[in-house]
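Before any questions on binding or motion, here is one chain by itself as structure tokens, the form predicted alone.
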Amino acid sequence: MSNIIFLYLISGLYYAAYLFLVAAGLTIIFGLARVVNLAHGALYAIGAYVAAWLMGLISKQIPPPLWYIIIIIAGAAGAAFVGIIIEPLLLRRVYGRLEEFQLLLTFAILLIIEDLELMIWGPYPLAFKEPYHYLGAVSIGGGLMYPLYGFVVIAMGWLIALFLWFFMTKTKLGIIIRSAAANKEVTAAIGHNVKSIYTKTFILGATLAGIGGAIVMPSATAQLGLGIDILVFAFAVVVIGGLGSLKGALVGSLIVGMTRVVGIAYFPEIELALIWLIAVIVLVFRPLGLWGRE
């Protein structure tokens, strides 16, 4: 029984690690620009597609684990590049406008990017399993094995969470971003370019989504609809944790990750319903989420 519980715990932490990356990017963008960005799922999918496509090109030419480092960087860079394009050209036009405009525009961007993925990579799923084969699996007792790659993803998730905490609280740019989120007018008055801060923040969020898409590829496939699928879970995370709160994104990811594991194991028919039931309960008692604030 203890081995089974340990397996569930590890699996929950694995899901939570990449969900946090997506939800953290979503909540950072919302915290500054107050935009509920449905296109964020497309940035995750871009990271996944770029990583899977590039892995097919370099896996036989470059020795492991160097190819894995390259595809993580490439997935992050691909999502960041798309973010550089869509933020100043499209999203900046709906800052401060009604939520209906934001939702319609960002959903349109999501659909456009999905069509571009279809045009570039075709309708067939892309995948790579090399990290699983390279790292192998470890026994966790009771005849149970768990891929070592899962521990790599968990470690990456926590390291990036620590980096984000350090970046937002200890670096000059992070403090400026927090200042702009609190009061844009004062931040502009003391000499900072608020438009540039918006763009840099959006690129940071896009990069996190791209990393999330890249690291999940060995256990999934890059396919059409991937961006919408991850949004379902990412929004559950930010609803539970509270939009605009990194702490909320971390705790929400852990709650959703653990609930998903238990749901898949014991209630597969209503796994998604269980996650959103928790979200509904949180909204009833804490409408802004566990750590959300006005």
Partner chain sequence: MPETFSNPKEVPPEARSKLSRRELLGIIGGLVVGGAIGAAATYVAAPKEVVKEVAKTVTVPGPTVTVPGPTVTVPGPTVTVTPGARPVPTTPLKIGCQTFMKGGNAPLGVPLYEGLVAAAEEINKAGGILGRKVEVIVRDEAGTDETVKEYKRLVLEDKIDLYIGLISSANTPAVAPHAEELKCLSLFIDGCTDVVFDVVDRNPVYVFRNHFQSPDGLINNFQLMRLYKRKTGKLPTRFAYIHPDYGYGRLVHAHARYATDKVMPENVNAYEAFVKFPGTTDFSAYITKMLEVKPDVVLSSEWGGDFKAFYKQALGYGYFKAIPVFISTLSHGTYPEFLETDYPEGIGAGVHANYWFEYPLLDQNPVNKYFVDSYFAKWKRYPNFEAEGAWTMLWAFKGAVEEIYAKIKGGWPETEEIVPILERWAMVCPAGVWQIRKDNHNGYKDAISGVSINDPKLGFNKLTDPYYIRVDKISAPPRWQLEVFDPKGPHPTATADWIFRTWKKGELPDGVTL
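Numbering follows the first chain given and starts at 1. Predicted model, so just to flag it, every value in this text is computed and none were measured.
Heads up, the form predicted in complex with its partner chain isn't pictured, but that's what we're talking about next.
Engineer: Is Gly191 part of the interface with its partner chain in the predicted bound form - any heavy atom within 4.5 Å?
Structural biologist: No, no contact at 4.5 Å.
Engineer: Does its partner chain come within 4.5 Å of any heavy atom of Tyr198 in the predicted bound form?
Structural biologist: Tyr198: no contact with its partner chain in the predicted bound form.
Engineer: State yes or no: in the predicted bound form, is some non-hydrogen atom of Tyr8 no more than 4.5 angstroms from a non-hydrogen atom of its partner chain?
Structural biologist: Yes.
Engineer: Wondering, does Phe166 line up within 4.5 Å of its partner chain in the predicted bound form on heavy atoms?
Structural biologist: Judged by the heavy-atom cut-off of 4.5 Å, Phe166 is well away from its partner chain in the predicted bound form.
Engineer: Please pick out the stretch from 80-88, 96-104, 213-221, 67-75 that is in contact with its partner chain in the predicted bound form, where contact means heavy atoms within 4.5 Å.
Structural biologist: Within 4.5 Å of the partner lies stretch 213-221.
Engineer: In the predicted bound form, do Ala182, Phe202 and Leu254 all put a heavy atom within 4.5 Å of its partner chain?
Structural biologist: No.
Engineer: In the predicted bound form, which of the listed residues (Leu159, Ile112, Ile175, Leu118) lies with a heavy atom within 4.5 Å of its partner chain?
Structural biologist: Comparing distances to its partner chain in the predicted bound form, the residue within 4.5 Å is Leu118.
Engineer: Where, within 128-155, is there a heavy atom within 4.5 Å of its partner chain in the predicted bound form? Residue list please.
Structural biologist: Contacts from 128-155: Phe128, Lys129, Tyr132, His133, Ala137, Leu144, Met145, Tyr146, Pro147.
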